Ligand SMILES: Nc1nc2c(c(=O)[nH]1)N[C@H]1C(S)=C(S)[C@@H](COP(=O)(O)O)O[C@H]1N2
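Before any questions on how it binds or moves, here is one chain, the form predicted alone, in structure tokens.
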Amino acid sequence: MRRGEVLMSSQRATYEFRQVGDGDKTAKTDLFYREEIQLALRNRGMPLEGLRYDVTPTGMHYLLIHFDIPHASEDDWSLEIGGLVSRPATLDMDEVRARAPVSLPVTMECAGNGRALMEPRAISQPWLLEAIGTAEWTGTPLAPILEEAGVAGDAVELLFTGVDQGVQGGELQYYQRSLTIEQAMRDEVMLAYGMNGAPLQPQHGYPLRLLVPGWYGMTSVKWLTKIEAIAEPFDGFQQMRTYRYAQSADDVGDPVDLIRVRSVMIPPGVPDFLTRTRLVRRGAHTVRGRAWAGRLDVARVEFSEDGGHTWTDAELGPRLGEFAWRSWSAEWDAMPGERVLCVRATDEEGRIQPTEQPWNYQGMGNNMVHKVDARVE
């Protein structure tokens, strides 16, 4: 075990790094394993000041890579469509690009966003609130391709396979996820080959990925190389052993699917380097941020300067798209003292962000109220 201490003004932070085994699935808050640091350095989150952009710059968009970024080239890439279909097909990238193109702004969020805020937390990518981004995705709708292939009546799901391969849960596997036929045939589901007006970057799934708007990001399989119609629900690792709302290691739990309502603020003022506590001048401020709810619209956003004891309505801006976030702003008359700023959203069906996050074993679907510590001087 190695321990390091950092002193800054009156703040003191202690970091502890430990080895972790397969049997050790949760950790106490603020103790991070070496493996988690390794994951955090391979992946990246969007700095919350990036919320000022309607469309997240590609280099700021959050990133989660399960295994390795595979070497890929459009020149020899192909997508196989098979299984229980009457007309199997193999499409190269020229054939994919020749189909009717669509562009769609979509907010994508990792299902584990906020995992590090849970106590105890699951040992995995230690996200705070930065696993989010909105991009303008370009591709072609999936439904016409499936119709041309002629999915058989006895098929119940479509299995999507990427070429990225690795070991998780003791299993050697390709990254695979499935959707029901009905889910996959929705108009907005697409095969994406462009992001923010440029080809996909290697880490975002170049040259081809699935995009399923409204769902957490694990569904949008990157480096997509195969679509297979299957007769039974897929029971692979990424479908049945992770991305579940489980309460224990032995609990199967419910599947993670659509993005839950969430709002996040651009932290006002300037940060303390280590703790990220905000230093804010007294007086009038406009606090801004974004709110989203998967397929649903956001009906209300509320702001609090006192840790959530009292709330005032924020002003909502236009929604960027049917599956994208919308802006919000709130006026704040900042008076000297220590403050805990909060923001919460309510979706159009009345679901509201919780003040205290219900716990689950894998740290999934955390949409707890965003809190920012601030010192007004």
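Source: prediction; values computed, not measured. We number the residues from 1 along the sequence you see.
There is another form of this protein, the form predicted together with the ligand, and it is not shown here; the text below is about that form.
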Checklist entry - Though the ligand is not shown, can you say which of 65, 60, 352, 324 has a heavy atom within 4.5 Å of it in the model of the complex? => result 65
Next on the checklist: Please tell me which of 217, 289, 139, 114 lies within 4.5 Å of the ligand in the model of the complex, judged by heavy atoms.
Outcome noted: 217
Item to check | Proximity to the ligand in the model of the complex (heavy atom, within 4.5 Å), stretch among 178-186, 257-265, 221-229, 272-280 | outcome: 221-229
Next on the checklist: Even though the partner isn't displayed, in the model of the complex is residue 204 close enough to the ligand, meaning a heavy atom within 4.5 Å?
Outcome noted: yes
Checklist entry - Looking in the model of the complex, any heavy atom of residue 162 within 4.5 Å of the ligand? => result yes
Item to check | Any non-hydrogen atom of residue 209 within 4.5 angstroms of the ligand in the model of the complex | outcome: yes
Checklist entry - Is residue 243 close enough to touch the ligand in the model of the complex, meaning at least one heavy atom pair within 4.5 Å? => result yes
Checklist outcome for this item: When the ligand is considered in the model of the complex, the residues of 103-127 having a heavy atom within 4.5 Å of it are 108, 110
